[in-house]
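Consider the single chain below, provided in structure tokens and representing the form predicted on its own.
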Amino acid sequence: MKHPGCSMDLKQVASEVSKKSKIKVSPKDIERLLGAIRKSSDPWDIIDKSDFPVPAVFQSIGILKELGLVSVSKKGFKLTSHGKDIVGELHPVEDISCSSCGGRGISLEGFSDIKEKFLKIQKRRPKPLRKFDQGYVTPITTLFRFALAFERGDIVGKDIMILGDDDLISIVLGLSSLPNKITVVEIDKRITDFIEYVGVREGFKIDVQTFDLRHPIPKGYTKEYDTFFTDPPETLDAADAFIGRGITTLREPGSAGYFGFTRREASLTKWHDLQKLLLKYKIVFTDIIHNFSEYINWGYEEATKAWRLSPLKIRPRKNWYRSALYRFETLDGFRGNKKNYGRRNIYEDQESSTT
């Protein structure tokens, strides 16, 4: 398969990358990568613009380098003169999303008081820890998640469950005074202590439990909530554990769940498998918003697989990790995940790169 503006066989390159990386890569992925390299030389920016798993991106660059199409230097990656001739008129990757909402399609205009308070409060949050695979989103992302759920009717007067909350959406919910009840289930006691402290200081109540979601959710939380939020690690087991636990907490058909899932550590094949897995629980997807969530560089990049794989050891200069935001609703006969994973590592697979 040759792109109209590219004399190179993208299908052959994709096949070679898939074989070497053991991650399914498409010709479209290679096309987008070449467009990203035309636009940027920074490895982390190229990952962001390429929008497929990090290990496969770096494997692709290695193969393109062997073919003499890409050069690698201390300044970054760039197309060689031969690469430019081969790529031809291939369109560079452009970001033309709305500058006001970042492509999210909603506004924060009605929440200026909450925004001002939360931006101050979150500055004292605990730093992310690698052992918990933590990496929190920008505070603006958290506010937009809240605003989207508000718009969809999933906040006002609702009982809300948050499964893992290093993003601190429970604090935004508390500051809003709009939900009926807020519960947080989180493994990191630093975070649960911080949320409880803020709740007491700001005068709102949050039920907080320090808990490992590899184990089934306590019975007292099942079928008790209208809405849940979670942001699972990007393996199928971890997503099933976090999202499946969330579904067990939901009260009735029409209840809503929100979760993030990225392309940085998940191929479209994994997205397909995740969607099949979740549909078995009798839910229906209502929204998938591309690159809705932007993550702050977590500070332990040099200890990650992505760093080991990168041919250039350059720390990120700007945020590069993003994920799509999914929303779904439950249908008649819905069910969740009550499987016990024990102490098994469910946080890494072939496509992982930030652990």
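One-based numbering along the sequence shown. What you see is a predicted model, and the numbers here were worked out from it, not measured in a lab.
This protein has a second form, the form predicted together with a small molecule, left out of what is shown; the following refers to that one.
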Inset, instruction - Using a 4.5 Å heavy atom cut-off, indicate which stretch of 73-81, 198-206, 212-220, 256-264 touches the small molecule in the predicted bound form. - result: 256-264
Inset, instruction - Tell me, out of E186, D133, D240, D154, which residue has a non-hydrogen atom within 4.5 angstroms of the small molecule in the predicted bound form. - result: D133
Legend entry - Contact label in the predicted bound form: F328 to the small molecule, heavy atom within 4.5 Å: no
Legend entry - Exercise: W307 in contact with the small molecule in the predicted bound form, heavy atom 4.5 Å: no
Legend entry - T355 within 4.5 Å of the small molecule in the predicted bound form, heavy atoms: yes
Legend entry - Non-hydrogen atom contact P232 with the small molecule in the predicted bound form at 4.5 angstroms: yes
Legend entry - Triple contact flag F111, F144 and F146 to the small molecule in the predicted bound form, non-hydrogen atom at 4.5 angstroms: no
